[in-house]
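Take a look at this single chain, the form predicted on its own, given in structure tokens.
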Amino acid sequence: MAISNELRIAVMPGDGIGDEIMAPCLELLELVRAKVGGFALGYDWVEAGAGLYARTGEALPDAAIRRASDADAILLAAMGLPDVRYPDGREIVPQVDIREILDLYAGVRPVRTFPGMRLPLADERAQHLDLVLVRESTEGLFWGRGKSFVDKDEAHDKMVITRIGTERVCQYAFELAQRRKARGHEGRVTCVDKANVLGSMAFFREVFDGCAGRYKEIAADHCYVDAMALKLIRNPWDNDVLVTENMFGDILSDAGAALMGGMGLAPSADIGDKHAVFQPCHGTAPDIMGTGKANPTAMILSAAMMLDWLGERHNSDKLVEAGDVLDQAVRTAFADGELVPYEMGGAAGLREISGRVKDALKAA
């Protein structure tokens, strides 16, 4: 089904290498739009981040939130600079504020590899990983952000786990597993927790089990977070969909990025009932800004995830197809093993990687 109206994308380049990786991403979006047809995209540039805070004292103005809220999707590059901080020492991370303000409770972190990538695991199975970590993104230990109690002898941060927060992220994970099972995956959701130590995690597991009972066709199991850290390194191919608390998910998603070869290859989405943000997992990398060494792959793959989400939301097979075409173009670009990003010991940067993806897209 074609989309008659133009879909509006809030573009938030942010800080550091954000502008650098956003530019080729938007160019590729327009190329795939023209190639597939059936939809139109418009872009609304929205400024936010540490650089804005340094100039104005505001990292995420109300006007920026309004414009992002009015968009059909939000495409975000990277925000934050190590030398720009709030008075209490915390880094400027508007992307986390956006998750909370727009209630983006499902942090979706795919871990997907394909032949041609330089990977840390030698096992042939590591070349074909396809699992997803779903991170609850609005509560957990991150709930205490900005609410810490600190004196000269003690510091306390509060972790909050609610029934509604856990239930909705678990439901998202099971429905994702259903869609994946229809495409040939195992159809299993693993609850990653620390229920043997923390009462809040025992509660998380209890809510997970209640949710699992409503999805009889999907297998459900549990794994302590420390054991999952081991499992992701030793046998990651034995996982399908993982669901976990905010902080655990923050840590494990970086382990997942390592399995892919690095943060420059790791896309993500933060999804709620009404809004969604798509962004690479990496940071702003100010140390390589302007050098041409930035890797745009995760940004491009995040845009492909955005197209797929918009396709499902608007019941558009054209948007879903466009997401698949863009994703496949990235796979094709890396397939011969010659495209090796700087952070993986190679000499491919922004121009080389985006150029190879563009050539693959044109030839598709």
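Residues carry their position along the shown sequence, with the first being 1. Since we're looking at a predicted model, the values are computed, not measured.
The following text describes the form predicted in complex with a small molecule, which does not appear among the structures shown.
Student: Three residues, A285, I288 and K293; all within 4.5 Å of the small molecule in the predicted bound form via heavy atoms?
Tutor: Spot residues vs the small molecule: full contact, yes.
Student: Work out which of the listed stretches, 293-301, 52-60, 308-316, 328-336, brings a heavy atom within 4.5 angstroms of the small molecule in the predicted bound form.
Tutor: In the other structure, the partner sits against 293-301.
Student: Exactly one of L141, V84, M263, C223 has a non-hydrogen atom within 4.5 Å of the small molecule in the predicted bound form; which residue is it?
Tutor: Contact residue from the list: M263.
Student: Is E352 a contact residue for the small molecule in the predicted bound form, using a 4.5 Å heavy atom cut-off?
Tutor: Contact check for E352: no, nothing within 4.5 Å of the small molecule in the predicted bound form.
Student: Does any part of D19 reach within 4.5 Å of the small molecule in the predicted bound form? Heavy atoms only, please.
Tutor: No, D19 stays farther than 4.5 Å from the small molecule in the predicted bound form.
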